[in-house]
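Here's a solo chain for you in structure tokens, the form predicted on its own.
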């Protein structure tokens, strides 16, 4: 049966080839897209002066640096590194919490089922999207210039950078709540405040907390980078040791960051799994 079908198809292909080929315009568009992609790739590689010898030479220098890092050693700065690491964790924690708290009302305002006005909803979501396009590193440079060097600039950079992202995620979570629980509160005589507090918030709280924990562990890594541009914490200590070519202490700081992030990841993953399991199923 299959051979008959294949044979029939082959016969139709020979007798009516136009049925099995794409229209000329579609072929030209496909080829133009591929040529454009290849040209952009080639231009990008030429523009960054990509060269295999540069990679080989870079690997040689990287091997030399790795050799200088062994064995990792904190020198006389162990406790100052611990303090800087705690400062980084504090930046990530405060920035994440401030962003999450401020994002809750913005999430309700951005949810279509709470604010059904199309124009308001569309404008607010575009504001969220616009702010989300600015990277946290840019915010850090802005706040370091505005409020000076130190962890406060890092906290502001994380809080402002995450605020609109949380607002969008919270709004999407609110839009997906189960309506039966909301209708139940209304049927019991609840007003809008009761609906929010008893019908909507209990459903979205586990989802919100899961997002917050995920961003906290991500912000621990981000806070390290922010420190390099002047926001304090372990990133500042890392950049200082790199600047004076103290590579053993650089290796020790990197290991400290890796261990801390791994511990935070495991704790956060465990809590998020419990929250997801506890979330009401629609």
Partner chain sequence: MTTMGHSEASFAAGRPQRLVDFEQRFAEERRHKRLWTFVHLVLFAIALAGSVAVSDFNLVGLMNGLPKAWNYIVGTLPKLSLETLGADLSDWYWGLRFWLRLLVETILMGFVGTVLGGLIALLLCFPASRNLVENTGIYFLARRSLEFLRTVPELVFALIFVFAFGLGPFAGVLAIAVHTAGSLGKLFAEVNENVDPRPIEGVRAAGGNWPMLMRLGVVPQALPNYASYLLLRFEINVRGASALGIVGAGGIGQELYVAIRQFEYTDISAIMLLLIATTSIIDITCETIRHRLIGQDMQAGH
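Positions refer to the first chain, counted from 1. Quick caveat: nothing in here was measured; it's all calculated off a predicted structure.
What comes next is about the form predicted together with the partner chain, which is not displayed.
Contact between residue 12 and the partner chain in the predicted complex is not found at the 4.5 Å heavy atom cutoff. In the predicted complex, the partner chain sits beyond 4.5 Å of every heavy atom of residue 273. Under a 4.5 angstroms non-hydrogen atom cutoff, the partner chain in the predicted complex has residue 258 among its neighbouring residues. When contacts are judged by a 4.5 Å heavy atom cut-off, residue 94 counts as touching the partner chain in the predicted complex.
Note on contacts: among 132, 186, 73, 121, the single residue with a heavy atom within 4.5 Å of the partner chain in the predicted complex is 132.
This chain is displayed alone, yet in the predicted complex one of 115, 196, 137, 104 has a heavy atom within 4.5 Å of the partner chain; that residue is 137. Picking from 174 to 182, 73 to 81, 124 to 132, 104 to 112 the stretch near the partner chain in the predicted complex, with a 4.5 Å limit on heavy atoms, gives 124 to 132. For the partner-free chain shown, 54, 55, 58, 59, 61, 62, 65, 69 of 53 to 77 come within 4.5 angstroms of the partner chain in the predicted complex, judged by any non-hydrogen atom.
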